[in-house]
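Encoded as structure tokens, the following chain is the form predicted on its own, with no partner shown.
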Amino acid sequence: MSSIGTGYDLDVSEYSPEGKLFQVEYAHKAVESSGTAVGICCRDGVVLAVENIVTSKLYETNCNRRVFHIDRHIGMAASGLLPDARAVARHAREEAADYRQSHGEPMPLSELASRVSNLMHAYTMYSAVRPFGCGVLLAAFENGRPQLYGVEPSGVYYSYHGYAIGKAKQNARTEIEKLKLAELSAANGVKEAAKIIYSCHDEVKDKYFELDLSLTSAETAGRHVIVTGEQWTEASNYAKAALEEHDSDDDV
């Protein structure tokens, strides 16, 4: 970051001579230093996976998940500051509930993504607030179509076939590009998403992590569910086996 920005990062609404908002860039850094989150649109659903880094062995398992239920049919995965992600999730739930009450039907994911992005953008415009230090992935299976949106701390959002945020986002995106998403079932997508998280994990810097998985698909009747139990174990074992096979091939 250029030294010319000195003094221009005290107020989120003040531009530097280079045309930058440094507090927004700092928010992006918070996302880039957090665990990787992945979203994959499959043939019959959408899968979310998060590398939930554990900084202490004293934490209880799954006490701080980074995948959230937003509505019956919408899920969210987050990378960055967890309290900020919870605040975004709470706002998204309120928006979805208000829409359902007013219109008598579930909120379209595109509309929710727009409203979440408006919130995150608003927090880059006023000196009394700071940008959200998180990026989020929103997923739904609507009208027989998988949908995935990514919202950045700046408020920018896009629709994706597959996307990744967090510290290993580039490696994860490369792995996603190798998948034949149009042919991949959601059940196999869970395994592939777990494999991507394990392959991108840095054991030197972050030894311990929990794998958070969720999906919404035709098999779940469009409902967003957290992957647990046998399906989670199967996906985790598949990812570990693939990683060991890759390591053994490198040793040859």
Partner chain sequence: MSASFYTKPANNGNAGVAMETSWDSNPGRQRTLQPITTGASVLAIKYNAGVIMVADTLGSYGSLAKFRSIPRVLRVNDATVAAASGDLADMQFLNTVVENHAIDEEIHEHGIAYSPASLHSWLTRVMYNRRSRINPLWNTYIVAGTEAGQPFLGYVNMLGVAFKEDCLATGFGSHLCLGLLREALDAAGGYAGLTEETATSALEACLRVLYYRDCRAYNQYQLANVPVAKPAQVSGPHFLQSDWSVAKLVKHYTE
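Here the structure is a predicted model, which is why all the values come from computation and not from measurement. Positions refer to the first chain, counted from 1.
Absent from the display: the form predicted together with the partner chain. The rest refers to it.
For the partner chain in the predicted bound form, the listed stretch (119 to 127, 170 to 178, 133 to 141, 150 to 158) containing residues with heavy atoms inside 4.5 Å is 119 to 127.
Checking 43, 28, 69, 191 for any heavy atom within 4.5 Å of the partner chain in the predicted bound form turns up a single hit: 69.
Under a 4.5 angstroms non-hydrogen atom cutoff, the partner chain in the predicted bound form has residue 226 among its neighbouring residues.
Remark: residue 115 does not count among the residues lining the partner chain in the predicted bound form, judged by a heavy atom distance of 4.5 Å or less.
Mapping the unseen interface onto this chain, residue 100 counts among the residues with a heavy atom inside 4.5 Å of the partner chain in the predicted bound form. Not displayed here, the partner chain is kept clear of residue 145 by more than 4.5 Å at the level of heavy atoms in the predicted bound form.
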